[in-house]
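This document starts with one chain, in the form predicted alone, laid out as structure tokens.
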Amino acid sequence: MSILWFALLGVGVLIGLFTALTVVVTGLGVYNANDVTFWVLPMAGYLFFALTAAGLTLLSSLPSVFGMKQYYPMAKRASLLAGATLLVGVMCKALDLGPITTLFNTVHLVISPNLSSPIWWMAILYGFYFTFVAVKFYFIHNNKWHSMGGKTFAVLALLLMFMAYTALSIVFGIADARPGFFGHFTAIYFAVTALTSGMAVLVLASHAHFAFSGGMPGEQVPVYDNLSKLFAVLIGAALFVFILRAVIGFTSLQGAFDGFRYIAATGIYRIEMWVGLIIPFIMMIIPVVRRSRLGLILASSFVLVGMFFGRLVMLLGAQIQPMGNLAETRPAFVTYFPSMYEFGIILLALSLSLLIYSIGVKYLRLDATPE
């Protein structure tokens, strides 16, 4: 890791912190949100990073929880990436709330629980989830994979991931007033795409590291060869879910899906489809590309770009069509383009997650396995 790389990440973090401070001090007026499109780019960032963390948590659990010992060489790297993406995902959600007064109100949320609220459960579960992921990494880093604490927190991190993911799916799945979120189908969409984006991050981070560190150790070649094959399968599964969602959206007779059909005619939908799914799937089913480090880096990068746009497609498809009384005074579909402050929040999340991972690569021996 060069000084220039850390300097670039530092600049990204500083610009992002300025943006975040502006949001906290002045409020959500710096976003291009309104009473129709109230969940915008920072919320898409939250979904992208939090769901990616879920996929990485599952992948990091393969050797320690499910006994797939051949995957130990990637487990520590996946565990750190899970913590980094989860941290910035929760940060994106916090900055989606706006001013500091609203953030302080979350304390009241914790001490006055509404047990029937999925959002309350989501907030509480993500707090425990991040704690368990961090403690799990502590045990891994100290080579206590098989200690009682290491095993316990590996299981707890996985369990809390499933619980937090379920709460997040329910938040969108039970929004009957917004059929454009695709109801209970949302849970399937989240599950498949979370695992796919988690695998994409792991493949990209691993092969980018090996490209700059002199190559992959020979004993790890079979591990990452298996991961690349699994990655191809996951992209195919994500493409299937994408097609199924499109079939539902285009054939539904409900007028509430007009927003989805409108978004499907835009560039962000095409990026999700072509850049995030079709092109990398074609790349990964070609053996020579799948065995190429450059091919894997490009394919995983394409998937992540497409997945991020997919989170925005999901949010806007259910929001850009005014509903209820708003439909009487607004056009059929509202327009939306992120403000520079919204881009700044995403820059902060990306820079901070990359900085955490880069520090881990430099100082924490992420290829370590149990002795």
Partner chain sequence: MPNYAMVIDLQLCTGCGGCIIGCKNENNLPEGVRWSNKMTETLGRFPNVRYHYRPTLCNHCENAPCVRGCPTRALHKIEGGITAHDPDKCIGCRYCMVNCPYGVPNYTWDRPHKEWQDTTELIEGATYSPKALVDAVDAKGWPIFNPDPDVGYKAIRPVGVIEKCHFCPHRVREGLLPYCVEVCPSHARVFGDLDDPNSKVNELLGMFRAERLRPELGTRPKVFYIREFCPCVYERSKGAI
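Residue numbers count along the first chain shown, from 1. Treat the numbers as computed from the prediction; the structure is a model and nothing was measured.
One more form of this protein should be noted, the form predicted together with its partner chain, which is absent from this view; the next part is about it.
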If the cut-off is 4.5 angstroms on heavy atoms, which of these, Gly249, Gly98, Pro73, Gly295, is the one near its partner chain in the predicted bound form?
Gly98
Which of these residues, Asn142, Ser117, Thr152, Asn226, gets a heavy atom within 4.5 Å of its partner chain in the predicted bound form?
Ser117
Does its partner chain, in the predicted bound form, lie within 4.5 angstroms of each residue among Asn105, Arg178 and Gly324, using heavy atoms as the measure?
yes
Is it the case that Gly29, even though its partner is missing from this view, gets within 4.5 Å of its partner chain in the predicted bound form, heavy atoms only?
yes
With heavy atoms only and a cut-off of 4.5 Å, decide whether Asn34 touches its partner chain in the predicted bound form.
yes
Flag Ile174 as yes or no: does it have a non-hydrogen atom within 4.5 angstroms of any non-hydrogen atom of its partner chain in the predicted bound form?
yes
Check Phe38 for me: does it contact its partner chain in the predicted bound form (non-hydrogen atoms, 4.5 angstroms)?
yes
Residue stretch of 78 to 86, 215 to 223, 201 to 209, 105 to 113 approaching its partner chain in the predicted bound form, non-hydrogen atom distance within 4.5 Å
105 to 113
Restricting to 217 to 249, the residues within 4.5 Å of its partner chain in the predicted bound form through any heavy atom are none
